[in-house]
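Next up: a single chain in C-alpha cells, the form predicted on its own.
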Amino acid sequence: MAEISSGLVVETDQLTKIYQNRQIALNDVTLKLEPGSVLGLLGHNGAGKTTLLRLILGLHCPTAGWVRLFGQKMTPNAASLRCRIGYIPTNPQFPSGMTPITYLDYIARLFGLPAEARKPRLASLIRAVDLLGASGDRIENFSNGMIARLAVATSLINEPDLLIWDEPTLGLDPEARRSMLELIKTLARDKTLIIASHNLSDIDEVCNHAAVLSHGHLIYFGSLQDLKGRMKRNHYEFELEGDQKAITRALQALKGMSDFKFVNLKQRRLEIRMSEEINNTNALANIFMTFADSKVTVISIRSVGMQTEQAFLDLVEEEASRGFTRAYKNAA
C-alpha cells in the first residue's frame, strides 16, 4: 500500500543512532522540513551532523525512530528516494584517470539517463559550474575549488528535488567560496537544501532555517531569524563625535555604572559589554542619557559579533550548562 505524502520533504521522528551498543551519536531527533527550505545544520565536531545526514540518506539504519522523504519511509533499499537527492560529502573524492566528462557520463549512466539525454545534460552542468575549459583534464590535477565545482555538478546530474551538502565550502579560497555561496542562492530558488557547515557566516548568508546539534541532541530547530532572536545582545560598539574632554567625562560616568562589566575607549570608538542579567534596553537608554548629558554625539552603533555565531554559541553554552546541572543532580 502506497504511503500518503505529507507534503514535507524531510521528516524525522525520535531518530536515534547508537554505534556498537554504547556510543550515542544521535538521540531522539525530530524535525520537519518543508519544500523550499534552506536548512543550515550546525554543531561542533562530533555533534552528530554527519550521522544525521547519513540517516536521512539511508546510508545508515536508525537504532530507533524513522526518516521519511517526500512522505515515504527511507530504508537502505529505497533507491527511488535516493534518486531524488543530490549529495556532496565532506572532502569529496574522485577516481584518478578520469576527466569531468568521463566521470559525469559514468554517474549519468548509473542513474539510467539514456544517451540522448546525457550529452546535453553533461554540457549544461559543466558550463554551469565553470569547468568547460577543464572538461577534458584529469581530475587528480584539479584544485580544491575545481573539485568542489565537480562535486556540485555530480550532485545535480539526476535533477534532484533535495540537495544535501556536507561542508561544501571547506578548504575553498575566498573566490571559490563566494562562487559556491552564489550557486547555493541560485539553487535555493527551486530546490530544498540541507547545508552542514562549520562556517557560520555561510549559514547566515544562504540559509533560512537552522538545526543545532549538541552531543547528538537537537537543541534548536526553527527559522534562522528566530535563532538570532534568542541571542544575548550585550556587546556594542559606538562611534562618537564631540569634545575629547566631554567623551572622557562620559566614559568615566559609564565606568561607574554597575550595568557594564567592560567599558573601553579607543580614539573615538567606545566598546561596551553589559552584565548578563540586565535588560539591554534600559542599559542602552542609560548610555544615551549619559552621552546627552555630556553633549557627545553618537554617529553609529552596532552589535559586536556575527549574529548567527553568537546565537549558536549562546545555545550550546546554555545546553552545556543544563547538562552540568543534570549531572550534578544525578551525582547528588
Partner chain sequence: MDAITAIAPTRVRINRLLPYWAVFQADLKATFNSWIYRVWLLLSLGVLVGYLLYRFGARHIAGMIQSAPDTMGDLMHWVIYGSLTLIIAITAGAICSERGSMADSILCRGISRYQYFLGKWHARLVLILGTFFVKNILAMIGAYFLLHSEAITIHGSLVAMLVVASMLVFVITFGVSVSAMSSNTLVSIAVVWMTIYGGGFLLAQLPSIIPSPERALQALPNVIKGFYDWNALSRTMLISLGVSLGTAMVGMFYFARRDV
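Numbering follows the first chain given and starts at 1. Small disclaimer: the values here were computed from a predicted structure and weren't measured.
One more form of this protein should be noted, the form predicted together with the partner chain, which is absent from this view; the next part is about it.
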So in the predicted complex, does any heavy atom of residue 180 sit within 4.5 Å of the partner chain? yes
Distance check, residue 192 to the partner chain in the predicted complex, heavy atom within 4.5 Å: no
Quick one: is residue 107 in contact with the partner chain in the predicted complex, heavy atoms, 4.5 Å cut-off? yes
Hey, in the predicted complex, is residue 154 touching the partner chain, heavy atoms inside 4.5 Å? yes
Heavy atom contact within 4.5 Å of the partner chain in the predicted complex, the stretch among 240-248, 193-201, 116-124, 211-219: 116-124
Of 95, 229, 136, 256, which residue is found within 4.5 angstroms of the partner chain in the predicted complex when only non-hydrogen atoms are counted? 95
Contact check, 157-173 vs the partner chain in the predicted complex, heavy atom within 4.5 Å, ordered by sequence, gives 159, 161
